[in-house]
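One chain follows as structure tokens, the form predicted alone.
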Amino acid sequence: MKKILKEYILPKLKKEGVLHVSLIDPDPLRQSIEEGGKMGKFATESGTDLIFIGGSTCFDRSFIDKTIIEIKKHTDLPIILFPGNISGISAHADSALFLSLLNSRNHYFISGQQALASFTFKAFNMEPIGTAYLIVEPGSGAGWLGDAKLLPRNKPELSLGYALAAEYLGFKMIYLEAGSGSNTSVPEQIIGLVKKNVSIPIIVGGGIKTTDDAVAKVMAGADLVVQGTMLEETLLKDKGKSLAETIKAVKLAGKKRLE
């Protein structure tokens, strides 16, 4: 079993201060298997540190398997599952976020599907990285599908409460999510408050579409910055430099935070 968290993520965070993550959503309605491979290649060449595979609407395990196999032809970076449901688990990934949507109204998304998925992780001998998934307004599709009681943007102490509970419960990471493709991202005030009060890595994703926004998340305290829509848009519009420049700026911000 690969130990991506202990052997890759944590040492790299200690050395560089931040990791940039490229999210690829293997949805046949969005892109082909070959296009998924091209995205992996493009992200790697742009300087990303990790590739997350998944999304709220990934329901075809065979398509996910084939997409990961195609991506692995073009990169040696760790590929980590970001499963929105049980069908989003693939034996071809290197590791997986074992997500619990703590602010869901439905216990299925807190512990129900996790109990069912545990057998698959055991069978695949795959590292599950226990991750508290917290969805902040506006939430987008992830919030709707996960029946989340969205954390308000103007009440950061509520997000902190869930984050502290996550650390006390033994989670390895916290994922603050505004929703893929959202018009706005997780507020820096929430990120900063959580960062000051927890000691486990903080992942921030959803709606981070510009270099300035990505850098602001890092300076506020994000340890892993996730971008998916920007990856898709820069590749489709043939503006490859914009993603590379964003990743470079994120890395510089990470080093500055270590000083």
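A quick note: this is a predicted structure, and the numbers were derived from the prediction, not measured. Residue indices: 1-based, along the sequence shown.
If you look for the form predicted in complex with a small molecule, you will not find it shown, but the lines that follow are about it.
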query	finding
Stretch in contact, per heavy atom within 4.5 angstroms of the small molecule in the predicted complex, of 176-184, 106-114, 163-171, 119-127	176-184
T229 within 4.5 Å of the small molecule in the predicted complex, heavy atoms	yes
The small molecule contact at P26 in the predicted complex, heavy atom, 4.5 Å	no
The small molecule contact in the predicted complex: G207, any heavy atom under 4.5 Å	yes
